[in-house]
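Presented below, as structure tokens, is a lone chain in the form predicted alone.
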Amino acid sequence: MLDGPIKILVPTGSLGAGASEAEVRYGIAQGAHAIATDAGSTDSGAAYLALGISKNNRGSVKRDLTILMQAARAAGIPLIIGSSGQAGGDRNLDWTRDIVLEVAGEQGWAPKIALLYCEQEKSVLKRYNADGKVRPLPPLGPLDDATIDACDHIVAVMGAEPYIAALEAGADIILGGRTTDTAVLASYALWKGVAAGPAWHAAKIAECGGQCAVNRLEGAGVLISIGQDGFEVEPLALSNRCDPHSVSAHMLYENSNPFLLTEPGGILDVTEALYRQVSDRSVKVTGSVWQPQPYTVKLEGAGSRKFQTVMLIGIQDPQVLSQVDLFHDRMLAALYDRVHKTIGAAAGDFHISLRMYGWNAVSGDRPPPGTPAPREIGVLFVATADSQEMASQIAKACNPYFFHFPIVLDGELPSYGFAFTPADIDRGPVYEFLLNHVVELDDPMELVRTVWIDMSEGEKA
């Protein structure tokens, strides 16, 4: 146990987003006991898990790792990273591992590295499912083997326990697969015996770094100081500050209930939490409660099923712009009719969408009557089919309609503009999250594989 609060330096909301050297120096000077950061999420879609690639470019991740590894080594504190390589699959984790090894070599450091893998074999999940240990989350129903087989990669979202075990075993650097953001940040404090309520709540508030500060655009990270009765949070940028509103509001982030947060092994309840300004820059939070629950972890599985071809068309015709909804409906009907007539049954189970950028492409909702006409719109045509060749053929069949399709049938023909030539662009597979389920575990470690790299020994353990 340590005397006083446990201080966790959270340098950024996501590894590669841009850690600040000055902010990290400040956090270290305040006595940080560990550096912890998340490195990914599902925010950007299923492709990163299905393909095993990172959303962030290698250079930005290496830059952040260079700063953080240098600081951790100099201070003699662990560096903890979760959801490595964006999606936390085995390939994502290995990608991050290789960067860490490269940076360590450049710095002349031989750290002890724990790799926490959480990608799952399909046969293992089928066995859990057959034993009744997998249950769906809304809106999905019971899991079947066919859905498991359709996934390219499946991860079990880890809690804090694998990180605690790695810290106990003396890891200098921990690279975790897919993990809840909060578990990564809470693990060190939980390892040191801090009360679970403050530890999990502090981690939730700090998960996005400086996003819990008053000026979310000023600075990247925060410092959380966690004690038995509560925690304090302050931005690492000295020009920024936290206040009770900016801190409490973060419980709303990616959370359907602002008072309850479900994590592996329990529920964080902040219904009675109090947020109090204790300095110009920091807020103290008390009253957080942890309610233990049966241990479950979420399964995330991604795969591809269909293929898409897209075209982008610009329209400035005033008659179309004065009746965008009518144009959309008539054009869409004409396109479906053309595919049925020119390709027929061979088109299979296809789908066409027209996304009217500048009008309602983001929401899809029809604007209320009286909404002013836009100056121009961009029509994103998307054809989805069972094969790339068929998606491409559907786009080619529809292409001629985007030259002069009139909204007034007996009027002068309008002209529209293609953004590219050739106009049709094969987008490739459509990647989807196919699982929204949790699996019940008797042991938090049973779906985790830990691999050690001790660079001082020059070999894997």
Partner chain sequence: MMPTVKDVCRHVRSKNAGPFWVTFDLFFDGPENFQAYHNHPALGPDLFHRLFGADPALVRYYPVPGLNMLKISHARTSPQGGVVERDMHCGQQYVRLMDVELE
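Numbering follows the first chain given and starts at 1. Keep in mind it's a predicted model, so treat the numbers as computed, not measured.
The next section is about a form of this same protein that is not shown, the form predicted in complex with its partner chain.
**Q** Is it true that T12, A75 and D94, all three, sit within 4.5 Å of its partner chain in the predicted complex, judged by heavy atoms?
**A** Contact check failed for every one of T12, A75 and D94.
**Q** Using a 4.5 Å cut on heavy atoms, which of S282, N129, T384, T147 is close to its partner chain in the predicted complex?
**A** The option sitting close enough to the partner is T384.
**Q** Which listed residue (A237, A104, L354, A195) meets the criterion of a heavy atom within 4.5 Å of its partner chain in the predicted complex?
**A** Checked against the cut-off, the match is L354.
**Q** Please run the contact check for T66 against its partner chain in the predicted complex: heavy atoms, 4.5 angstroms, yes or no?
**A** Answer no; every heavy atom of T66 is more than 4.5 Å from its partner chain in the predicted complex.
**Q** Taking 4.5 angstroms as the cut-off for heavy atoms, does G31 touch its partner chain in the predicted complex?
**A** No.
**Q** Just checking whether E389 would be counted as a contact of its partner chain in the predicted complex - the rule being heavy atoms within 4.5 angstroms.
**A** E389: no, not in contact with its partner chain in the predicted complex.
**Q** Check S123 for me: does it contact its partner chain in the predicted complex (non-hydrogen atoms, 4.5 angstroms)?
**A** No, S123 sits far enough from its partner chain in the predicted complex that none of its heavy atoms falls within 4.5 Å.
**Q** Any idea which of 389-397, 23-31, 407-415, 44-52 reaches within 4.5 Å of its partner chain in the predicted complex, heavy atoms considered?
**A** Comparing against its partner chain in the predicted complex, the contact stretch is 44-52.
**Q** If you look in the predicted complex, which residues in 349-385 sit within 4.5 Å of its partner chain (heavy atoms)?
**A** Going through 349-385 in order - heavy atoms within 4.5 Å of its partner chain in the predicted complex - the hits are H351, S353, L354, R355, N360, A361, V362, S363, G364, D365, T384.
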